[in-house]
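Below you will find one chain, with nothing else, as structure tokens; this is the form predicted alone, and questions on how it binds or moves follow later.
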Amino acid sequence: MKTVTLPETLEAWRQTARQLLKQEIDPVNVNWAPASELSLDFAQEAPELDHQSANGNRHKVPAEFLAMAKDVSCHRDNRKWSMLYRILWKLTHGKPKLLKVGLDTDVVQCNQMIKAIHRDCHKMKAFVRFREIDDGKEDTENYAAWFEPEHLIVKRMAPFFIKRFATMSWSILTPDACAHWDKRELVMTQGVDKKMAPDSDDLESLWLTYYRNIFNPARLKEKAMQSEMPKKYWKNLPEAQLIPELTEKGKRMDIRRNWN
């Protein structure tokens, strides 16, 4: 049994996978373990970069697999690395069209992971709320937002926010990683605790007034609303504090309509 360190990045996984393929090590004989559980001997093993296997063959994989691996690497479940290696092994050992069949258990699970990641990205686009912060400089405006993604998507999503808020200096803070944009350069740093994020700002009352005015109780569909805006996100959304009040207002309007 070959024990390897669970990688933290896609590039680290690729290096490890190349080494395993070179040595023709079947996935059933690979144990993916956290670094904290490995002995010093295992931890000192350095991955090699050669694509060539022990029998002299060079492995080729379809571009679709590389795209799949890039997406799946954002999932929080560390079983993704062993699944990707099993798929890589099959692709290079007699099943080059595996991804087109779609019935393979690992491929199915990876596709489910990708759907979850895309859903998380969609929620991040919708639910990040910037608040103005005071950095002590009178001539600049800086904003920060707190978000708790289900998966490791902050770096992946940073270009979206740069494009949308290119003229703002902002930080998106999360427990996993933080993205900082100063109108010129993106900098990624480690994750932080929620207490580092601002609680409110002067603009928040304006946003709440706007949200109260656009919320139409007469058209409220509570289940549909919670499907689009799951309750787990409410704690970080300023407008969520208004939802119980506005929902109750909608229910009273329904009662009056049915009565009349």
Partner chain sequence: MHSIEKKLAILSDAAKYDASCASSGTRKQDSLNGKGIGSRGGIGICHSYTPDGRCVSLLKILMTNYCMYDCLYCINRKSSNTPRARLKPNEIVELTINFYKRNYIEGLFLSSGIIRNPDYTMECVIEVAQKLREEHDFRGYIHLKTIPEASRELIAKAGQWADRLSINIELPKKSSLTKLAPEKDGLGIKASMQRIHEKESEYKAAKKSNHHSKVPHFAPAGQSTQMIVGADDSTDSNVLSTASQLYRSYGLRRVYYSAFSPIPDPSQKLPPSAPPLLREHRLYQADWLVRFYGFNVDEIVSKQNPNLNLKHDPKTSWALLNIDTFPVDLNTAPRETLLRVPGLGVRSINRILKIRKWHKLCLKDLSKLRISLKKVMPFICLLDYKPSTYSLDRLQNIRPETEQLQLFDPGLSPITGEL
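Computed from a predicted structure; not experimentally measured. Numbering follows the first chain given and starts at 1.
What follows is about the form predicted in complex with its partner chain, which we do not show.
**Q** Taking its partner chain in the model of the complex as the reference, which of 26, 228, 199, 193 has a non-hydrogen atom within 4.5 Å?
**A** Here the answer is residue option 228.
**Q** So, residue 95 and its partner chain: in the model of the complex, are they within 4.5 Å at any heavy atom pair?
**A** Because no heavy atom of residue 95 falls inside 4.5 Å of its partner chain in the model of the complex, the answer is no.
**Q** Taking any heavy atom pair closer than or equal to 4.5 Å as contact, tell me whether residue 187 reaches its partner chain in the model of the complex.
**A** Because no heavy atom of residue 187 falls inside 4.5 Å of its partner chain in the model of the complex, the answer is no.
**Q** Do residue 162 and its partner chain share at least one heavy atom pair within 4.5 Å in the model of the complex?
**A** Flag for residue 162 set to yes.
**Q** Taking 4.5 angstroms as the cut-off for heavy atoms, does residue 31 touch its partner chain in the model of the complex?
**A** Contact with its partner chain, no.
**Q** Based on heavy atom distances of 4.5 Å or less, which listed stretch (107-115, 148-156, 85-93, 71-79) is in contact with its partner chain in the model of the complex?
**A** That would be 107-115.
**Q** If you check in the model of the complex, do 64, 126 and 129 all have a non-hydrogen atom within 4.5 Å of its partner chain?
**A** All three within 4.5 Å in the model of the complex.
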